[in-house]
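A single chain comes next, written as structure tokens; it is the form predicted alone.
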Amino acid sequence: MRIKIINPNTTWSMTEKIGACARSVARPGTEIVAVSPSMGPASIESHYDEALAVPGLLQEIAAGEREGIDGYVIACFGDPGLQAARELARGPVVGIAQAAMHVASLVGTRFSVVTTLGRTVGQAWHLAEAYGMKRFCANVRACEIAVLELEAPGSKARERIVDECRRALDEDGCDTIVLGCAGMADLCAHIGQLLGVPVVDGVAAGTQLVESLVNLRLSTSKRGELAAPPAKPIAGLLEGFTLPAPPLKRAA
């Protein structure tokens, strides 16, 4: 089995950390291919960043289809381009926010999301509602840490994240923590041991969910909304994204 973990930003050090996290939970025999797109923002912290990240993400999905990849994880907590990626891919595509929220609902009664910047809190609530997880979500809390600060030498980000997780448990009435950024993936076990509650990282959860879906021989349905997108001309900078027309069906 080959699973492609796509970090939609272009910060390669974060991609390496995400790939290591995925490999630590993958089953023997599963190959993890961790990539960043060749174009896009260094971090994703706004709707603008997210929109700019999607073309590069879709390029990586298309490349994965040519390479025979079995399934994909989108390693950004905004789940950018998730439905478009599912249209392109034959195998399953899982976003880490959707994966983390669903897994958290299986190991506790209510979870709080601890994320980076306050400006992304609304998007996390939107995803919780879209995924039917709002009734399990006690709160979404921001540490006011820029994503790239997670990679900075000497950063106090780890301590601030732990403190916010502790406040969530004390103040929100939750019993489970969801880490709201792929760049926090390496902190999951540490925080869980410190606080004594389930702490869910979406990279690990997404990796194991994709493995399970592939083993169950379940792929994204191609009937209706998530069928392959219709071929049509695409102009300008995105001309390279033009899809080939499907082969003509032979008459019976």
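Don't overthink the numbering: it's just position in the shown sequence, from 1. Just so we're clear, the structure is a prediction, and the values are computed from it rather than from any experiment.
Beyond the structure shown, there is the form predicted in complex with a small molecule, which is absent from this document and is the topic of what follows.
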**Complete:** Only hit among V200, L57, I44, V210 for heavy atom within 4.5 Å of the small molecule in the predicted bound form is I44
**Single option in I177, A99, A85, A182 placed near the small molecule in the predicted bound form, where near means a heavy atom within 4.5 Å** = A182
**Item:** 4.5 Å heavy atom contact with the small molecule in the predicted bound form for all of F77, T116 and T120
**Value:** yes
**Message:** Please identify, from 69-77, 167-175, 102-110, 87-95, the stretch that has a heavy atom within 4.5 Å of the small molecule in the predicted bound form.
**Reply:** 69-77
